[in-house]
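First, one chain by itself in structure tokens, the form predicted on its own.
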Amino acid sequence: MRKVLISKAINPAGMKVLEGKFEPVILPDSSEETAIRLVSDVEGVILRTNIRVTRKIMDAGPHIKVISRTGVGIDNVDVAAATEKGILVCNTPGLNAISVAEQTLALLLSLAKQLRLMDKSVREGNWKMRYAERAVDVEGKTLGLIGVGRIGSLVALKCRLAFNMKVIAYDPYVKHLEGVELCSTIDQVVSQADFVSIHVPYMEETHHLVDARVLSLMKPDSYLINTARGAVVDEKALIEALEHESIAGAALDVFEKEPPSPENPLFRFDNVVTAPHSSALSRECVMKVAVTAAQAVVDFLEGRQPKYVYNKDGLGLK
């Protein structure tokens, strides 16, 4: 039976898509060496975030025809090498939008209402924290978005409808978005916003997009939320901003190095809320992306063009 490599076990609904058609080979660990050893006779790859499919892995797998990501980000695929070799790179755009948008709102509220600090205070017997007046309301506040694609635009809609927030945004690829004031620079967004939320893909152009200069423009009572990719934010600069209290706090679902070290200075701050890159890992979302990613592999290997092909233009596909 033809083989499909799976970088890490996927939801059973996704495995069922492969059942009886392809033999799944699940990586026992996330090392490049193991992938090189096991990829020699596979025709498709279903990829999660635990490993990067490099040119070396593709060279070791001469029969690979399709690489399918269980998510929208393709920063862990050497897309140039794949395109050069005629390998389709597929992803699952839009399927995680609801989950990530909801997590963004949860993080925003946790910052506004100081839930981490309040929870810690109750557990430590500090009931008087209720009088500290640390929490703020979000009603009518300004939300600043960096990136308003599928996820960012959904965050904008939810915050407008639920909290009557004013929404401003920077996205050079968007010319109009109902109910959102589009700004010509990031500087305009971060200098006005009470909450800044990041929703851009990670690429060379967005590496450390939010750096010390950008952070210095934020208001001292404003908050930063990142559910995109860790390296979009200069983590060292963020730590310094928190130390100098030049921003009020941050909520991070992603880190520059994942998993982060337990010694990461960010964990020292009561005004920092963290999550383990889990925004898109709700039960519903995990099932949807697993099925869609697996179906892309099945479709292509059975002679059909998958619904979402990231490198379509590079391969000359319609």
Ligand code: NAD
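What you are looking at is a predicted structure, and each value in this text was computed from that prediction instead of being measured. Start at 1 with the first residue shown and count on from there.
There is another form of the same protein, the form predicted together with the ligand; it is not shown, and what comes next is about it.
Of the residues Cys159, Val72, Val180, Ala241, just one reaches the ligand in the predicted bound form with a heavy atom at 4.5 Å or closer; this is Val72.
Exactly one listed residue, out of Leu209, Met218, Leu108, Ala248, brings a non-hydrogen atom to within 4.5 Å of the ligand in the predicted bound form: Leu209.
Contact annotation for Arg48: none of its heavy atoms lies within 4.5 Å of the ligand in the predicted bound form. Residue contact check for Val77: none of its heavy atoms lie within 4.5 Å of the ligand in the predicted bound form. Shown alone here, Val189 lies farther than 4.5 Å from the ligand in the predicted bound form, counting heavy atoms only. Heavy atoms of Tyr170 reach within 4.5 Å of the ligand in the predicted bound form, making it an interface residue. Here the chain stands alone, but in the predicted bound form its contact with the ligand, taken as any heavy atom within 4.5 Å, falls in 251-259 among 38-46, 251-259, 25-33, 60-68. For the partner-free chain shown, Thr227, Ala228, Arg229, Asp253, Val254 of 225-261 come within 4.5 angstroms of the ligand in the predicted bound form, judged by any non-hydrogen atom.
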